[in-house]
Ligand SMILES: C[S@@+](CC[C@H](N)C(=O)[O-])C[C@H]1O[C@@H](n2cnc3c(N)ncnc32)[C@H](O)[C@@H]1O
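Shown below, as structure tokens, is a lone chain in the form predicted on its own; questions about how it binds or moves come after it.
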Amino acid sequence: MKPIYIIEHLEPELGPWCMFEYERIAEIVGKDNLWFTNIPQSTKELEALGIVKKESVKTMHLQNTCVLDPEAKELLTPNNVKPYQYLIIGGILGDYPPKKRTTKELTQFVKGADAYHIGKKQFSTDNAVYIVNQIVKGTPFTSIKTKYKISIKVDDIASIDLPYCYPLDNKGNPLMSHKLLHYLKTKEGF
């Protein structure tokens, strides 16, 4: 049985950056295996990606639940992920340096859930799901190639530095939403 991936949305709004990551998550795990929780106002765009719930996962009393938290003590592995029916990942736009928001806003409130990490570096939400999905499929975290801090070239002069960890494709390129990449390159003010 495939686990349900739950994205607990913890941002004040559902902006473009979140939506680009959420679209990529649906591509990674499929809409039938994806819940978005803590969504104050649903949209047709989000409903097309998975099951949308206004309720927070903090009040759902789910069994066989794991929260992915960079501050957790144990690494998620193909063996210890097997019993979990629900894998909860915080829908958080990262801060640099990290503010430990997953622990403060999510982990401590999900009663009965176990917590594991996928390395101690901060991943984007979509890449956290990518990594967890690879582990669910049997690939140990230590076998997944990643790069910490990447630079996105905007033009001949400017670039945007992203202080997060990214899994790499087989050519060594960081995995990220093509829509997000375009957004970063064209949005004014970056």
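As the structure is a computational prediction, the values presented were derived from the model and not from experiment. One rule holds for the numbers: they count along the sequence shown, beginning at 1.
Omitted here: the form predicted in complex with the ligand. The next part is about that form.
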### Message
Considering non-hydrogen atoms and a 4.5 Å limit, which listed residue (K53, K121, K31, K58) is close to the ligand in the predicted complex?
### Response
K121
### Message
I need the one stretch from 125 to 133, 22 to 30, 146 to 154, 39 to 47 whose residues put non-hydrogen atoms within 4.5 angstroms of the ligand in the predicted complex.
### Response
125 to 133
### Query
Are any of the heavy atoms in K82 no more than 4.5 Å from a heavy atom of the ligand in the predicted complex?
no
### Query
Is I89 close to the ligand in the predicted complex, meaning a heavy atom pair under 4.5 Å apart or at it?
yes
### Query
So in the predicted complex, does any heavy atom of K111 sit within 4.5 Å of the ligand?
no
### Task
Look up in the predicted complex whether P98 has a non-hydrogen atom within 4.5 angstroms of the ligand, and give yes or no.
yes
## Note on the structure
When the ligand is considered in the predicted complex, the residues of 54 to 73 having a heavy atom within 4.5 Å of it are L68, D69, P70
